[in-house]
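A single chain comes next, written as structure tokens; it is the form predicted on its own.
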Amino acid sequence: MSQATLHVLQTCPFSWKVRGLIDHLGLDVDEVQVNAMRTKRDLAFTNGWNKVPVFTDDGGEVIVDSTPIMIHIDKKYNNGTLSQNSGHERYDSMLAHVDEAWKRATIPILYGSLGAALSTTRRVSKMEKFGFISRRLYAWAGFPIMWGIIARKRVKKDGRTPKKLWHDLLTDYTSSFEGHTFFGGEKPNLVDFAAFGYMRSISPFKQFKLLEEHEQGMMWYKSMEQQLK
């Protein structure tokens, strides 16, 4: 058996999804931080995928894309306990919704205003693995692109402020718990860990305080934090 590895970017929400599951299961996984400007080089072994996260299990099998990685980890190392409801409408539809709607909500909350975008790119430049010049280039040249080209378009198309969007997502999600602590019941399932990963990816940034104002969402989030070993 070889050492299982996870190639990540520190601020990537998809990487955070997988990290939370690995933490929960207490797996011995070597985390490899990819150079943010050289993902093609660092991930050459993926045969053209070139995106994080990438998981290589202890048998040498390479799995790409966050949700398939989570399913693989759950089945290989956890007897499929967290994904046992796969195939049921409630589980499948919510997992698909989280992977689409929550994914699209991360950019607006982090880059939805000029000030937020500048703050975020400067924070990202400190957390990610950059070269000396590319770190400074990203910190000061990245925010106009993320805000002006990507985030503003998403905010305008949705029609809600980033805070309202996230509060609506958290309200809809926690309302689906049917009186339980988690979507999965009294214990979280894979849907909970997927949603938790997206929300947790915002926690290193000051915009997380906007999410902390959602009472039910934070009750669930803190309950998820307690599931990490």
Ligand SMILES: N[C@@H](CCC(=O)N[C@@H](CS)C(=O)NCC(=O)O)C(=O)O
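Just so we're clear, the structure is a prediction, and the values are computed from it rather than from any experiment. All residue numbers are counted from 1 along the displayed sequence.
Another form, the form predicted together with this ligand, is not on view; read the next lines as being about it.
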Completion exercise
Counting only non-hydrogen atoms, the one stretch of 214-222, 201-209, 8-16, 21-29 within 4.5 angstroms of this ligand in the predicted complex is 8-16
Handout entry: Joint contact, T174, F177 and P188 to this ligand in the predicted complex, by non-hydrogen atom at 4.5 Å
Key = no
Handout entry: Single option in T46, Q33, T181, T39 placed near this ligand in the predicted complex, where near means a heavy atom within 4.5 Å
Key = T39
Practice task
Answer yes if any heavy atom of P162 is within 4.5 Å of a heavy atom of this ligand in the predicted complex; otherwise answer no.
Solution key: no
Exercise for the section: Indicate whether this ligand has at least one heavy atom within 4.5 Å of a heavy atom of D57 in the predicted complex. Expected result: no
Practice task
Would you please decide whether V52 lies within 4.5 angstroms of this ligand in the predicted complex, comparing each non-hydrogen atom pair?
Solution key: yes
Problem - Within 56-75, the residues that have a heavy atom no more than 4.5 Å from this ligand in the predicted complex - result: D65, S66
